[in-house]
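Here's a solo chain for you in structure tokens, the form predicted on its own.
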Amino acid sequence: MRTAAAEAFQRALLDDDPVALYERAPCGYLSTAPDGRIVKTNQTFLTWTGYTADDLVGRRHLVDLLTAGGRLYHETHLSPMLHALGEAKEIALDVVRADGRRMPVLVNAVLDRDAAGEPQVVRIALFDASDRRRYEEELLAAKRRAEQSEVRAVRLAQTLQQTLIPPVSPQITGLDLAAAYRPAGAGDEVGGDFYDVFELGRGEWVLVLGDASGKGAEAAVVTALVRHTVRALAVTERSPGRLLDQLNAILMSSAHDRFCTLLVIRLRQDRQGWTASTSSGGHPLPFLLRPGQRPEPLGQHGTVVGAVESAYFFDTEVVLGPGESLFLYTDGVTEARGDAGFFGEEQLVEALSRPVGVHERVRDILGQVLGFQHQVPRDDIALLAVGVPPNPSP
């Protein structure tokens, strides 16, 4: 129908027939009196709607052809706009056909006035918007499906992430251990920070702190892969550096292109006390805290895990005496942004210099970083602190 009208319009252009140009235009034309009474219509509009000229001209008003919502919009917006501005463009309405079905249209209208400025006639062009309306409905439906899929993915990722963060820090005989985790934003965003603490045998434990790239389900999947792979490798590989090297090879051979920073610390108890072997895969180094001394980073930086095949990692070993501890953190601490800029390593060192136990230390630093960002962190925050209790006073 619309194709035939367009072809007739093109022929009329060639023949320069004004009547045909009006009657067979590829859009509907209506002329109404200032009060909305229809005084003229073209054949295209009649064909679209199923009315005859006798049904409309002099008998019906424009609002009579609109849905209830359209009539309300006409009275509150379209008519006032025409009388105030003299025109209205691309107004989306539904015209009710003679058989009761709705036809989506886009309306352009102008109000002609006489020399004295009095309204004379409203000229209206209506364009069939059926295809556009279907496209918009399909687009909206696709958007809803995508939102539902995203909600399901976030829920899945949150569930997966909850299994990767120990709900309670384990009790280690002869050591104090404290941990904290805070996701970015309001707490509903799934990030890549994670930590793990597990026992290998009597007097032997492994601490892991990492940050997988990305957000959402993909980060959670990489986190799960790294966590379980580290646990498996730690059974046979005593060197944290060699463990990271094997993990790097596994990630490089996997199908995804994700990577992570990772800090692995192996703790073992012997006659000297507790010995910590640590290695960093592109992760911020842990701080060694000794009473009366300035906090110092421990170890050397290695490459990010899963980023390049030619990776390198270093082992660093230290004996922890009474009152000494290690503090591990993710970059959500030092890169926290507040009104004064970044939280930074200098402020972290100052906070670490307070002579407190590991539990109070973790609570204090988490509180400072959150307060620095008005309680809404822009990145995940994960903290781990482990230390040898001080000797009791004589």
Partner chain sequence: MPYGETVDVLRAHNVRDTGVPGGRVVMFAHGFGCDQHMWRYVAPYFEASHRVILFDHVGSGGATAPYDVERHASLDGYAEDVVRICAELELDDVVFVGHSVSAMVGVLAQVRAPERFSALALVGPSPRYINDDAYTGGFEPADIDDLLSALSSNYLGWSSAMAPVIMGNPERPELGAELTQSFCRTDPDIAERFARATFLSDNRSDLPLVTVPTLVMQCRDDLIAPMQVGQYVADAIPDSSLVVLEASGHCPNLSAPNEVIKALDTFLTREP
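Between two forms, the rigid core is the largest collection of C-alphas that superpose within 1.5 Å. Note that the structure is predicted; figures quoted are calculated from it, not measured. Numbering follows the first chain given and starts at 1.
Separately, the form predicted together with its partner chain exists; it is not shown, and the next lines address it.
- Sort through S149, Q293, S130, T76 and report the residue having a heavy atom within 4.5 Å of its partner chain in the predicted complex. Checking each option against its partner chain in the predicted complex, the one that comes within 4.5 Å is T76.
- Message: Which residue, G185, P80, P170, G201, is the contact with its partner chain in the predicted complex, using a 4.5 Å heavy atom cutoff?
- Response: None of the other options qualify; the answer is P80.
- Message: Contact with its partner chain in the predicted complex for G367, defined as at least one heavy atom pair within 4.5 Å: yes or no?
- Response: Close contact is absent here: in the predicted complex, G367 is far from its partner chain, nothing within 4.5 Å, heavy atoms only.
- Message: Under a 4.5 Å heavy atom criterion, is T52 part of the interface with its partner chain in the predicted complex?
- Response: No, T52 is distant from the partner.
- Task: Give a yes/no on whether E136 approaches its partner chain to within 4.5 Å in the predicted complex, heavy atoms considered.
- Result: Yes, E136 sits close enough to its partner chain in the predicted complex that at least one of its heavy atoms falls within 4.5 Å.
- Item | Non-hydrogen atom contact E346 with its partner chain in the predicted complex at 4.5 angstroms | No, E346 sits far enough from its partner chain in the predicted complex that none of its heavy atoms falls within 4.5 Å.
- Query: Would you say all of A234, A249 and H256 touch its partner chain in the predicted complex, counting a heavy atom within 4.5 Å as a touch?
  - Reply: No, the candidate spot makes no contact with its partner chain.
- Task: From the candidate stretches 262-270, 226-234, 277-285, 83-91, select the single one in contact with its partner chain in the predicted complex, where contact means a heavy atom within 4.5 Å.
- Result: Contact criterion met by 83-91 only.
- Members of 128-148 lying within 4.5 angstroms of its partner chain, judged by heavy atom, in the predicted complex: Residues within 4.5 Å: R133, E136, L140, K143, R144.
- Query: When the two forms are laid on each other by their rigid core, does G174 show a Cα shift of 2 Å or more between the shown form and the other one?
  - Reply: Comparing the forms between the shown form and the other one, which are aligned on their rigid core, G174 does not shift its C-alpha by 2 Å or more.
- Item | Rigid core fit then P355 CA moved by 2 Å or more between the shown form and the other one | Comparing the forms between the shown form and the other one, which are aligned on their rigid core, P355 does not shift its C-alpha by 2 Å or more.
- Is it true that L111 shifts between the shown form and the other one by 2 Å or more at the Cα, once the core is aligned? Comparing forms between the shown form and the other one, the L111 CA shifts at least 2 Å.
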